[in-house]
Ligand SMILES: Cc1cc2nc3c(=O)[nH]c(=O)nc-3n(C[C@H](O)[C@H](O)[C@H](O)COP(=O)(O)OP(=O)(O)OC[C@H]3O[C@@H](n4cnc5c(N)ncnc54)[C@H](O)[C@@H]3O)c2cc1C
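Taking the form predicted on its own, here's one chain by itself in structure tokens.
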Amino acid sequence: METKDVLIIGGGITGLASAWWLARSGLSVEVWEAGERPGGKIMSTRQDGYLTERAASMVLNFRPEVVELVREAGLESAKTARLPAAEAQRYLLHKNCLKALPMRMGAMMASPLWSLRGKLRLLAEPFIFSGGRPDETVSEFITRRLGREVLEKAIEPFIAGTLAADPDVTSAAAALPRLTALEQRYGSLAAGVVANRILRRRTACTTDTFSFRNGMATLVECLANTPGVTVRTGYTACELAREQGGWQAAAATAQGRQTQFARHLIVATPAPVAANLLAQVDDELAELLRGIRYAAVAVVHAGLARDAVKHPLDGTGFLAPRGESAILTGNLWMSTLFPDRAPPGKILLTSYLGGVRAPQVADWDDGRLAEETLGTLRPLLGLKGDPEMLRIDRHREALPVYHGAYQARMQAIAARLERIAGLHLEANYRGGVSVRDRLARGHAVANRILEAQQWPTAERQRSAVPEPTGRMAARPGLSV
């Protein structure tokens, strides 16, 4: 049996991104995926001329590692940029109506969304002393810095809509790392934003929102077909053992039990799966993983004729605060965001329901999900008639929720990992749930593996990918 440099358990976006960075540096990599296809929750589906996304629908990027991966993987030509119409507005459900959500200070001061008291509290932010507790919740952090009104009307719907979580118990440092870092570094969010704008002019990575012409599955397929990466589907890891010089892993497959030895092991599965696999390796680490909770989310895609919708759909969509909607957290106007998501003369609306706010949606049948969704959208968007296309995706464990003393849990996990040579945990419960975060974390774990051991030059040269030059040229492909 050939020894692999790295074995990755879990063929979702994190595992595939890690494999890409490692193989690009010349290492031999094998990926085990329990499902029938790689990609995890990411899947693009064409139905009746509509292109829907089962999970992530786009990449909002500001990281150079992601720019590098997309370029070097040959994905630039497959990218599709956000349409200009989607940049016009972002909406918020407010008093049973959709109101434009301003993103700049001047527009916020003129917006009827905020009371005079709320506007004055927002303007006072630069004068608020820094120094919250290390384990502050999102609600505590935002209220302290920006006031209760900003929390209820902007941040709570963002946390519920994008993270499926509850800001009252979500760790601010885990869910809003950029904002908490601004306070720590500059003492004020406003000062930090100004400083970052100046610095961004000197660094060349601008914010970019994009998808791919054939959907997010394009990214998955490209990464899974990376030279030097062997992806095995239908491989359910069932046993791990530390051995001299690496790790022995066993998987249950349709062909029977299969084994593989590797110098390094990346476990890129959801936390409960990782906990079960690692119980015999480190029971304390397994217990820490078992404490991570997940939220259920239902995604309802509706395709309609354009003239069946009164609203101009001149933006990305809308978020719904918990005081406005008990079930629906947000709605994306996919046919406004990207081209070719709907046939000519049609529109595609994608709604998100559930999360911590309404976990019961996981048990609803299709009829009730459709009824609840359309019942909410009809008065808001002026819908007439029923959709000509309806598709529903369910995720009982959609996203990890960063609740409680989450940073302390992550630090404890990192401390346990330091004692276990060659073992690496990377999944969306560490370092962010977005595709951008997962691609960047794949880069980070690849760097750690390459720095942990001096790989022979001959092994690094196995890759057919040309070696780049740069700051980390000794570890080709991992430059930032």
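This is a predicted model, so every value here is computed, not measured. The first residue of the shown sequence is 1; numbering continues from there.
Missing here is the form predicted in complex with the named molecule; even so, the following discussion is about that form.
Enquirer: If you check in the predicted complex, is Thr236 within 4.5 Å of the named molecule, heavy atoms only?
Expert: It does: once the named molecule is placed as it appears in the predicted complex, Thr236 has a heavy atom within 4.5 Å of it.
Enquirer: Would you please decide whether Lys119 lies within 4.5 angstroms of the named molecule in the predicted complex, comparing each non-hydrogen atom pair?
Expert: Taking the distances in the predicted complex, the answer for Lys119 is no, it never comes within 4.5 Å of the named molecule.
Enquirer: Gly431 versus the named molecule, in the predicted complex: is there a non-hydrogen atom within 4.5 Å?
Expert: No, Gly431 is distant from the partner.
Enquirer: Does at least one non-hydrogen atom of Gly246 fall within 4.5 angstroms of the named molecule in the predicted complex?
Expert: Residue-level check for Gly246: no, no contact with the named molecule.
Enquirer: Taking the partner as it appears in the predicted complex, which of 65-73, 434-442, 409-417, 22-30 has residues with heavy atoms within 4.5 Å of the named molecule?
Expert: One stretch meets the cut-off, namely 434-442.
Enquirer: Would you check whether the named molecule, in the predicted complex, lies within 4.5 angstroms of a non-hydrogen atom from each of Ile9, Ile13 and Gly35?
Expert: The answer is yes; Ile9, Ile13 and Gly35 each reach the named molecule.
Enquirer: Within 4.5 Å of the named molecule in the predicted complex, heavy atoms considered, which of Lys153, Arg82, Arg144, His395?
Expert: Only one option qualifies, and that one is His395.
Enquirer: So the named molecule isn't shown here. In the predicted complex, which residue out of Thr170, Thr269, Thr329, Ser335 has a non-hydrogen atom within 4.5 Å of it?
Expert: That would be Thr269.
Enquirer: Give, in sequence order, every residue of 338-356 that has a heavy atom within 4.5 Å of the named molecule in the predicted complex, or say none if there are no such residues.
Expert: The one in contact is Tyr352.
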